[in-house]
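Only one chain is included here, represented as structure tokens and corresponding to the form predicted alone.
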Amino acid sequence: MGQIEWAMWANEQALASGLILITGGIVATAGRFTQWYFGAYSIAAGVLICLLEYPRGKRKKGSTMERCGQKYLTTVVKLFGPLTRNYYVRAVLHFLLSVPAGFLLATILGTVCLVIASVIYLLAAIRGEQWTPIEPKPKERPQVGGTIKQPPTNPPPRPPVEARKKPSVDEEEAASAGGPQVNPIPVTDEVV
């Protein structure tokens, strides 16, 4: 059984917590809570987290499904270099961003989710994982002459080679003679 790639789970958790922080911040700010400025902070922190976490990292084994429009944010995240690649930095950043949002009831759920994402990123960093961007693979063009070996001899649909019926000697003689074929099943016509 393979090892778990913790960074993938942390990425999903952090992206969801960023969206939850934005939602809680909107509720706190629009509802004019007594400490509404923590709601405004949560909106800004949630947007920053979503921008940082939207590009998925490449998995070590297997294929990684790229998010829609990820390539544009990937170039921005790559610009920050080791600050965004290192999961220790992400774990500390997420933890520090979650602290002020914890003082308001509307954003407490986003805070808890972000702390959980921070712990998962710390675990991923301890295991030696790091963020690598998903690079587009260069498309290989097939060689025209190298792909076609022999043109087909019989028209489609073609059964598999094993299922193709080889004509018997009697059938070959009947086909070469050009005579009428005899139906082995008796046909009766009953009109009611």
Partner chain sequence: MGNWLANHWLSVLFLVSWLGLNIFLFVYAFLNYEKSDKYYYTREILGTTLAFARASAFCLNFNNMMILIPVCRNLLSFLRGTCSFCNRTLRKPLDHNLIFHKLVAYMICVFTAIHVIAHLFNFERYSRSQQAMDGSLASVLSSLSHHEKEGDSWLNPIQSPNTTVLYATFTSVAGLTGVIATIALVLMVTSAMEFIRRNYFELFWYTHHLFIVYIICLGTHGLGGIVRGQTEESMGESHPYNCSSSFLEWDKHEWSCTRPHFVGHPPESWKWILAPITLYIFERMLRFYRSQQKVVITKVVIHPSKVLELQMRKRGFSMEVGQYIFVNCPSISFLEWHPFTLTSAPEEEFFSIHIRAAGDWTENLIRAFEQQHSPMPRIEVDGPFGTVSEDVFQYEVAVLVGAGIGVTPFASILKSIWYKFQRADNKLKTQKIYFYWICRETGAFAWFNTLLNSLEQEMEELGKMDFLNYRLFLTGWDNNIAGHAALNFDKTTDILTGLKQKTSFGRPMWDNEFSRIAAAHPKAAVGVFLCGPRTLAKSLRKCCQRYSSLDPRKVQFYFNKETF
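Numbering follows the first chain given and starts at 1. Just so you know, these numbers come straight off a predicted model, no measurement behind them.
What follows is about the form predicted together with the partner chain, which we do not show.
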- Message: So, F103 and the partner chain: in the model of the complex, are they within 4.5 Å at any heavy atom pair?
- Response: yes
- Message: Would you classify V161 as touching the partner chain in the model of the complex, given a 4.5 Å non-hydrogen atom cut-off?
- Response: no
- is_contact(F33, the partner chain) in the model of the complex, heavy atom dist at most 4.5 Å: yes
- Message: Would you classify Q70 as touching the partner chain in the model of the complex, given a 4.5 Å non-hydrogen atom cut-off?
- Response: no
- From the list I108, V89, L96, V76, which entry has a heavy atom within 4.5 Å of the partner chain in the model of the complex? I108
- Message: Pick out the residues of 12 to 33 whose heavy atoms come within 4.5 Å of the partner chain in the model of the complex.
- Response: E12, Q13, A16, I20, T23, V27, G31, R32, F33
